[in-house]
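One chain is shown next in structure tokens, namely the form predicted on its own.
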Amino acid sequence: MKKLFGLLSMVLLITVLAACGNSGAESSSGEGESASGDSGEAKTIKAGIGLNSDHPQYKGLLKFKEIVEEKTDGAIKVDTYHSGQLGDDRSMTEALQLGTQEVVIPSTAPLANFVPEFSVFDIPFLFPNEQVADEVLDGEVGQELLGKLEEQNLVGLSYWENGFRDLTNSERAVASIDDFDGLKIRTMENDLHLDAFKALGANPTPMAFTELFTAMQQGTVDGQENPYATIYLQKFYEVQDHVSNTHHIYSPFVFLMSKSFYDGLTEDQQKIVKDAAVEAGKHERKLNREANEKYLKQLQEEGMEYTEISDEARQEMVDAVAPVIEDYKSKIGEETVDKVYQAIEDAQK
């Protein structure tokens, strides 16, 4: 009887030990690496922009999402938010610094509040065309500026395009510098923009983009300045009568990622998000240029009067803002300004 009891006890002990061993193997097999080489749960990127879902910028963001999720086999998920759902450009950029948001794609104007050298892109009449802008931004000096963002706990992955900014207003056609006189123009909260418009004779009024439509509707401001795609998609034609191709500023977008999030990625994942930001940016630039051409025609179809600025009239504007540019060179950084002008000259050879 004792022998039988002993035999049964040994069998029971072996069974328990085997079960423990199998339990450990199952747990281990359930923690395997994903195809991207990362372990654990998928990382999530919250990516926000201020413009609406019809804008080329949002379509570019969807392209970024598609590339990242495919290349990481779902190890990184991208949640996209448009129309300022996560805040304006400045507040979203601050959220990146705090690590509560992962991606935002602001214009360079508000970004200059974080890295003053980005004000170089607010110099009026800086770029002659999009092709020169591409070459400068994607070249050495543009990439050098992106590198300065790391000091602000931000990572600049690529440049996208907002485009040439053009003037609209509800008062009169603007064909020359004299037509700016006294116009209340909404601008971004950027000192260089404000002083440039004052030099042109306008009365610039900074305000949040989300407040702009109502301000124009109520007559708080007479007009604003943005690329045609933004003007059309925000339905500014409902409260504006005139549009002029002032092309006074070429405005890039900067694809920003939180440095704390970026540093937490594997090297492979960092390369994937960097390459995706560049590829999606090229896609966005193409869409944006097609859209601006299309939307200018549609603005006219909606009843806006279009005014072409002559070369002579634009040169008068260039001359008027030249003293402002000279005043700001030291604030921006003379070395940065000189490098950008040199890069523009080289790109035109």
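Start at 1 and count along the sequence shown; that's the residue number. This one's a predicted model, so the numbers in the text were calculated from it and none came from an experiment.
One more form of this protein exists, namely the form predicted together with a small molecule; it is left out here, but the text below deals with it.
Look at 268 to 276, 111 to 119, 182 to 190, 152 to 160: in the model of the complex, residues with non-hydrogen atoms within 4.5 angstroms of the small molecule sit in 182 to 190. Proximity to the small molecule in the model of the complex holds for none of N169, T246 and Y306, with the criterion being a heavy atom within 4.5 Å. The closest heavy atom approach of L51 to the small molecule in the model of the complex falls within 4.5 Å.
Taking the partner from elsewhere, F253 is found to have a heavy atom lying within 4.5 Å of the small molecule in the model of the complex.
In the model of the complex, no heavy atom of H242 sits within 4.5 Å of the small molecule. In the model of the complex, at least one heavy atom of R165 sits within 4.5 Å of the small molecule.
Between the options Y232, F127, F209, Y81, the residue in contact with the small molecule in the model of the complex by a heavy atom within 4.5 angstroms is F209.
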